[in-house]
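Only one chain is shown below, in C-alpha cells, and it's the form predicted alone.
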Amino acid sequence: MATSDLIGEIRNSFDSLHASEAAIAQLVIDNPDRVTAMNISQLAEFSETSVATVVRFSKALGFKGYPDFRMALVGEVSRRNSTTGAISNLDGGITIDDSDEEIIRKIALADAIAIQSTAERLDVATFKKVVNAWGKARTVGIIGLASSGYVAMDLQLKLNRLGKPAIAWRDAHSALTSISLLNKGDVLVAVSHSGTTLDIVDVMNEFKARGVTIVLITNSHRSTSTTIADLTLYTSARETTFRSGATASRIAQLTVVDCLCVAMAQRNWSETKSALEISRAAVGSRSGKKVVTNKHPKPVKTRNQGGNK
C-alpha cells in the first residue's frame, strides 16, 4: 500500500507559501475530509481567498492544478483512515512523554513514509532526462552543504564506481574555484532541501552561465533554486519535533540518488559491469580476501597452423 504524506508536505511548505496560500494550507490540514468534498470555487469561498489563489496553492505543491491536488488529497485521507491513525499520529511529532518504543516506531514510520512518498512524487519524464544528461556528460559535479553534503559525497562515490567521472563539493568556495572543471554539456547536481540557501544559488548561477546543465534535488516546489535549475527532482520529507529536516531530507535525497544511479547502471550494463568488477577487485585487495573476477575463463580459440591453404 502506498504511504504518501501529502499533509506532511503541506506542513513543510508553509515557509514558501504566500499568506493567502498558507490560509488554504491550514484549512486543508485542519479539515482534510471536508476539503475533499469541495470543488475549487467552494474551497476559495471556504478559505476566503480566490479561485486563482487555490490554483497557485496547488501548483506550489507540485500539482498541475486543483483537480490533481484534490485527487491526491482523497487518496491521502483514504490511506490515513485505513492505517488506523498511524500516519496521523506523526502530526504531533515526537513528544517529551513518548516512550523509547514510541520513538523507535515513529522514526521508523516517518522514514518509511519519506522514502515511499518521494518515490511516488518523482516525475518519470524528468527522471529520464537527468539520467540521459548524466550519460552524455563528460563530468558530473555535485554541490551539497551540511547534511546534503553527505548525499553529494555518496553520489560522487556511486558515479565513480559506475565509471562516470564525478566530483563533489561541500562548500561554495571549493565549487567556485573548481568551476573550470565543468563545461558545456557537463552536469551540476545541486542538492538542497530548502532550495533557498544562498551559497547553493550562487554556485548554480555561476555554472549555468558556463552552459552547464543544472539538476536540482529539493523538497521545495517554490524557491530561487527551482527557477534556475534546468531539471528538478522533488523529495518528500517532513520535519517533526526533536527531529529537524536534516535526517528526513537526507533519507529522501538518498532515495532519489539510488534510483538515478541504478537506472544509469542499467542503461550501460556492459560498461557498468566492467567498472564495478575493477573497483570490487581494488577494494577486495584491501579486505584481505582474494577477489576472482572470472573463475572459469573460456579457452581461447587458436587457428590451426597446419590447416589447408
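Don't overthink the numbering: it's just position in the shown sequence, from 1. Computed from a prediction, not measured in an experiment: that's the story for all the values here.
The form predicted together with the DNA exists for this protein as well; it is not shown, and the discussion that follows is about that form.
Peer 1: Find the only residue in 268, 49, 247, 36 having a heavy atom within 4.5 Å of the DNA in the predicted bound form.
Peer 2: Looking at 268, 49, 247, 36 one by one, just 49 meets the 4.5 Å heavy-atom criterion.
Peer 1: Hey, in the predicted bound form, is residue 53 touching the DNA, heavy atoms inside 4.5 Å?
Peer 2: Because a heavy atom of residue 53 falls inside 4.5 Å of the DNA in the predicted bound form, the answer is yes.
Peer 1: Classify residue 66 as contacting or not contacting the DNA in the predicted bound form by the rule of any non-hydrogen atom within 4.5 angstroms, answering yes or no.
Peer 2: The answer is yes: residue 66 has a heavy atom within 4.5 Å of the DNA.
Peer 1: Using the partner position in the predicted bound form, report whether residue 41 sits within 4.5 Å of the DNA, counting heavy atoms only.
Peer 2: Yes, residue 41 sits close enough to the DNA in the predicted bound form that at least one of its heavy atoms falls within 4.5 Å.
Peer 1: At 4.5 Å between heavy atoms, is residue 20 in contact with the DNA in the predicted bound form?
Peer 2: So residue 20 counts as contacting the DNA.
Peer 1: Thinking of the DNA in the predicted bound form, which stretch from 67-75, 154-162, 133-141, 191-199 has heavy atoms inside 4.5 Å of it?
Peer 2: Every other range fails; the passing one is 67-75.
Peer 1: Going by the DNA in the predicted bound form, which residues of 164-198 come within 4.5 Å of it through any heavy atom?
Peer 2: If the 4.5 Å heavy-atom criterion is applied to the DNA in the predicted bound form, 164-198 yields nothing.
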